[in-house]
Structure formats: C-alpha cells, structure tokens
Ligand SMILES: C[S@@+](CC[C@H](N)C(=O)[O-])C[C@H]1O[C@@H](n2cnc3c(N)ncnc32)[C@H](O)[C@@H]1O
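One chain comes next, on its own, written as structure tokens: the form predicted on its own.
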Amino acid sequence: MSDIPADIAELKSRAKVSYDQMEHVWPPGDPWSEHTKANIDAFVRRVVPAGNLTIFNAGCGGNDYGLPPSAITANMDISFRQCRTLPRALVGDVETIPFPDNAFDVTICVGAVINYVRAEVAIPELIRVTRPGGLTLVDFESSFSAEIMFSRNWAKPTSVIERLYIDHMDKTHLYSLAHVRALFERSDSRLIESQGYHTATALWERVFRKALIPRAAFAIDPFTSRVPGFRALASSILVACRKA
C-alpha cells in the first residue's frame, strides 16, 4: 500500500493528466506564459555558471530554460509527453528522485513543480542529489500573492487552492518564502538569491478578477516586483540555494 496521503496522490494524478494533455506547458502567444518563462530563463541564465556541469532539470515541462549548452543535463518530468523532446529524458517524481546522493553540480525545479507535491519531501530530495557546494534552484507559487490577498489562504506557511489555469481547473499548494527557506536550511542549504515576479499581474487579478490582464501589467511587472511593499505580493518566487 502506498504511503502517499490521498490528497497528495490526487494532486499528482491531476497534474499528470493535465500535462499529458498539453502540447505546451506555457503556450506560445499567451502573455502570462511568455512572461513566466522569460523570468525563469533569465534567472537560470544569471545564476547557473557556465562550464562542463552536470545538471538535473526536475519537472522540465519540455523546457531547457537556457541551461549552458556545455552541460550534461538529465531531464525529468511526471509526464512523458513533457520530457520526450529533450535529451537524457526520464519519467519520475521529484519526491523520489531516481539518482544517487551528490550526483549533480546544479539541480533546478522550476515552473512551480513543488506546488504539486509535498515541498517538505521534494526539497530534501533535490538537495540530496546535489553535490556539496552545488546549487539548487526552485520556483514556487507564493501564499503571499496579491491575487489571494485577505482570503483565508493568504499569508500562510502552506495552503491549498483550486482555480482556473489556462483551460482547466488547477489544484496546487502555495508556500511562503519563509517556509521554503526553512526547508532548505533544514537540509544544510542556504538561500543566496531570490526573485519575485508576477506582482503587477497578481494585483490586477485581485482588483479586476476575471478581466483580461493587459499587456501593460506584464510590462511594468519587472518594476513593481522590485518596489518595497509591492514585491512581497508577487505570486511567483524563484530561489537559488547553495548546499553546505
């Protein structure tokens, strides 16, 4: 019998079914998707050093995120459809990574993958397969997002929400930055950089709800995501942590 709680098994099952049906995790031409991918790509390119690295791209979603071409990268996803086009691809679960300890120079898990699993299980697994001194990059949806401000799920260490994503109902965990930081610190990793994004877009969705997000909101997002006070309301956060 599986020791995975029923609610977590449901979350993973729903995610797999959704991603098995998608041609693209972030459809080309969709402003929200393009903005998300651009922020992740820029963060990865800035933080991951060049060189002959070994990299684990967990929950790849069919994307290489601008990783150094000289790197040897293993690409894993819960959905075969979302990793089949990448080299060294495998199907797997970030809660039970099929690699030995200290196998990679850099481990990345972006695209809010940890929002579909137990972060307290997945983050130690990501760190386990990262060598000492190596980097782990994670992207997650924040419980401090302006989109849910003052709701019962807002500003909690962890919460669960269900909402429309592209063309289907999506159920995910949300986490606070403090909670994610603490999970890394428990596994002897320290946060060296963090970046929020989707701040202006989250504020727009909080105020106007179902109204289409204008391109102006995406254009000013890099600025609002750096302004004190506003930046704490970002709906997505990227972190880079170094293993002791």
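C-alpha atoms forming the largest set that superposes within 1.5 Å between two forms make up the rigid core. Because the structure is a prediction, the values reported are computed rather than measured. In this text, residue numbers run from 1 along the sequence as written.
From this point on, the text means the form predicted in complex with the named molecule, which you will not see here.
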Checklist entry - So which of Leu67, Ile40, Leu203, Ala217 gets a non-hydrogen atom within 4.5 Å of the named molecule in the model of the complex? => result Ile40
Checklist outcome for this item: Exactly one of Ala119, Leu174, Val129, Ile78 comes within 4.5 Å of the named molecule in the model of the complex through a heavy atom, and that residue is Ile78
Next on the checklist: Does the named molecule, in the model of the complex, lie within 4.5 angstroms of each residue among Ile123, Phe140 and Leu191, using heavy atoms as the measure?
Outcome noted: no
Next on the checklist: When the contact criterion is heavy atoms within 4.5 Å, does Gly134 count as touching the named molecule in the model of the complex?
Outcome noted: no
Item to check | the named molecule contact at Leu233 in the model of the complex, heavy atom, 4.5 Å | outcome: no
Next on the checklist: Residue-level question: is Gly61 within 4.5 Å of the named molecule in the model of the complex, judged on heavy atoms?
Outcome noted: yes
Checklist entry - Is Ala74 a contact residue for the named molecule in the model of the complex, using a 4.5 Å heavy atom cut-off? => result no
Checklist entry - What residues in 100 to 136 sit within 4.5 Å of the named molecule in the model of the complex, counting heavy atoms only? => result Val110, Gly111, Val113, Tyr116, Val117
Checklist entry - Once you line up the core, how about Gly66: does its CA shift reach 2 Å between the shown form and the other one? => result yes
